[in-house]
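One chain is shown next in structure tokens, namely the form predicted alone.
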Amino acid sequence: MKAATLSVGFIPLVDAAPLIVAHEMGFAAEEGIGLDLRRAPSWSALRDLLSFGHIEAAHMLSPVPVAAALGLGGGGTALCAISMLSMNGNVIGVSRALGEKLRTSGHDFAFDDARAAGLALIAQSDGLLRIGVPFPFSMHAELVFYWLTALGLPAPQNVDIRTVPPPLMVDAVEAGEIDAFCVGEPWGSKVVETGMGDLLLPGNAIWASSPEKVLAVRSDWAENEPILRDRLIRAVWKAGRWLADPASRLLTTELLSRPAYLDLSAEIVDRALSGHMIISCGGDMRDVPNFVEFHQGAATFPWRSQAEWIGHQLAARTGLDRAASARLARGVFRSDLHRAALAQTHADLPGASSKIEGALDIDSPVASAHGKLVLRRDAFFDGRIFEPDA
């Protein structure tokens, strides 16, 4: 029997790795499906390709399906997240001019102190800080809003947020259109490589385990194609497990750097995978543990509580009812479908589908299917927690 081929869209980012690996390393074929990977130019284009049925699945910003459920953008098509593709993986950077001002003021670019970095940035910004993010409904935007608001600069009303597709972030910095940015790798490193700016902070310094990308599908497709849906979930889960093996890193960088995918040097791609980040054109390096995660700590599990956090944050800045938005968001992350697909595998899934977000200050064991699951530290930089509705 010929394998069914699923068309899957992606943006050229390191965190598209699970889909690329599922295709290139045979995990999709092992599940009896083929993946037709289609590179999209922007997140809006990718969302529309999925919403209008031109592709079956997509590498997607985690807030996009939630935003669609809340009626924020999109064509009114219900989307859902059947797996997480990655946790973390973003960087915050500044233009070269702003970087010099920060250094002159005494900021040390320690790269692990969100409070110090944020206060220094606020102090050195002239007027309205122009910040580039890849999409209005993204963890990039939510992390920036949360971070600056917690430090006394209420966002988004006191910053100028500009949408810039990830591959164009370098051009926006060079043209002087933005002062700072939050983007997924390798595009922050590309800004440094071209001498246009400096990296100020990794995203996980703001939220230690943030839900970055999801495997998104249309909700009607998820219900109507349960066999293909489950095969896709398993293929991506197997790819994430393979990616978690340090021995896979060299081949991963080679695969991702190919012209069909990221079309960049393997050395730049490897920075995110290794966590060895070069943060300035002078070669300053910082090591970032858990910079991006594809498997460990139940990284593929779509926690309903994380969807609620996203819904609550989107509602807070768009004037929607926060409690109602959180409830709607909860149903978008399909932990039930994820569990069903992996029931016959060795996946050690958490016993619950929701948790208190921000409560773990250290890696911690939790109840799970096989009793061996350790969740990653997930603290917010300001010590707050988010307790979802019961």
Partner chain sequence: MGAGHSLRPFFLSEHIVIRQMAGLWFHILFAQRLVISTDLRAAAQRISLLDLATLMFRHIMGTALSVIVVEADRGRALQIVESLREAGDFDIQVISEVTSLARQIKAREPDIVLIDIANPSRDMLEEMALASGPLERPVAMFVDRSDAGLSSAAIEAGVSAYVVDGLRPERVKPVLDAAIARFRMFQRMRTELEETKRALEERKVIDRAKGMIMKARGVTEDEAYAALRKAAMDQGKRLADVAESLVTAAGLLS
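Model, not experiment: these values are computed from the prediction. Positions refer to the first chain, counted from 1.
Here the subject shifts to the form predicted in complex with its partner chain, a form of this protein not shown in this document.
For the three marked residues, Ser138, Tyr146 and Asp382, no heavy atom of any sits within 4.5 Å of its partner chain in the predicted complex.
Proximity of Leu72 to its partner chain in the predicted complex: non-hydrogen atoms within 4.5 Å are present.
None of the heavy atoms of Gly275 is located within 4.5 Å of its partner chain in the predicted complex. Using a 4.5 angstroms threshold between heavy atoms, Arg249 stays clear of its partner chain in the predicted complex. Although the partner is absent here, Arg47 is a contact residue: one of its heavy atoms lies within 4.5 angstroms of its partner chain in the predicted complex.
Per the 4.5 Å heavy atom criterion, its partner chain in the predicted complex is contacted by stretch 155-163, the sole one of 265-273, 233-241, 155-163, 78-86. Taking a 4.5 Å heavy atom cutoff to its partner chain in the predicted complex, the contact residue among Gly351, Gly26, Pro41, Gly32 is Pro41. For the options Gly93, Pro134, Gly118, Pro302, the one in contact with its partner chain in the predicted complex, meaning a heavy atom within 4.5 Å, is Pro134.
Taking a 4.5 Å heavy atom cutoff to its partner chain in the predicted complex, none of the residues in 223-246 make contact.
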